[in-house]
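Okay, here we've got a single chain as structure tokens, the form predicted alone, with questions on binding and movement later.
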């Protein structure tokens, strides 16, 4: 595989999952770890990503204030506008982090009255712009990779919440394998978020459909809503419709 092809592959993984592990790229591309390290450094030098210990992060994952680097932003805005219909005055809402959730928060009606719990400091900053929203940032260890709080203290706090709705992004969703992730701490965090919520909505661009990663979060039946930029009758969603998901 040519270097440009490797770089294109790496950037697609970054755009889809916001982060990549060097070890995963070694296996997926069947090249040496030194080759991947050089590739990542070259992409860093070109200003396309952030290099971190063990892998790399998307630039769009580091700030809620720079919209120019958000991958598939128009699609994410479309998803956000659909998901707004799930929010009613008086609700208790729990959110994860990520660029799609950030776009959702930016689309909320100015007069909405609700309580939002979040594990994302960036999401909390955006929510704080609304006069009638009470914002509770759940504190704990901070993941530099995922830009959210995590760990036993966070999971304990989550167990004390009874949310009407959980809104989360995902790295991968599959009609048979359900929700999956790459990082153990994020996997455990998402499980706790789903467990403390009456309903769960997954917001994701269609490029993340039919993908399965190494760690299982939950079966598809544990999800109440799937929100993508696609029309709900799109053929790409056929295998999800038969799972009796509410598709927006």
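Residue numbers count along the first chain shown, from 1. What you see is a predicted model, and the numbers here were worked out from it, not measured in a lab. C-alpha atoms forming the largest set that superposes within 1.5 Å between two forms make up the rigid core.
Below, we refer to the form predicted together with the DNA, which is not included among the displayed structures.
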Next on the checklist: Counting any non-hydrogen atom inside 4.5 Å, which residue from 220, 31, 43, 211 sits next to the DNA in the predicted bound form?
Outcome noted: 31
Checklist entry - So which of 59, 51, 191, 199 reaches within 4.5 angstroms of the DNA in the predicted bound form, heavy atom to heavy atom? => result 51
Item to check | the DNA in the predicted bound form reached by all of 19, 73 and 98, non-hydrogen atom within 4.5 Å | outcome: no
Checklist entry - Within a 4.5 Å heavy atom cut-off, is residue 216 in contact with the DNA in the predicted bound form? => result no
Checklist entry - Within a 4.5 Å heavy atom cut-off, is residue 244 in contact with the DNA in the predicted bound form? => result no
Checklist entry - Does at least one non-hydrogen atom of residue 35 fall within 4.5 angstroms of the DNA in the predicted bound form? => result yes
Next on the checklist: Using a rigid core superposition, assess whether residue 241 undergoes a CA shift of 2 Å or more between this form and the one not shown.
Outcome noted: no
Item to check | Core superposition between this form and the one not shown, C-alpha change of residue 24 at least 2 Å | outcome: yes
Checklist entry - When you overlay the rigid core, is the Cα of residue 10 off by 2 Å or more between this form and the one not shown? => result yes
Next on the checklist: Relative to what's shown here, the Cα pair residue 10 and residue 214 differs by 3 Å or more in the predicted bound form. Does it come closer or drift farther?
Outcome noted: closer
Item to check | Cα-Cα trend for residue 40 and residue 184, given that in the predicted bound form the distance shifts by 3 Å or more | outcome: farther
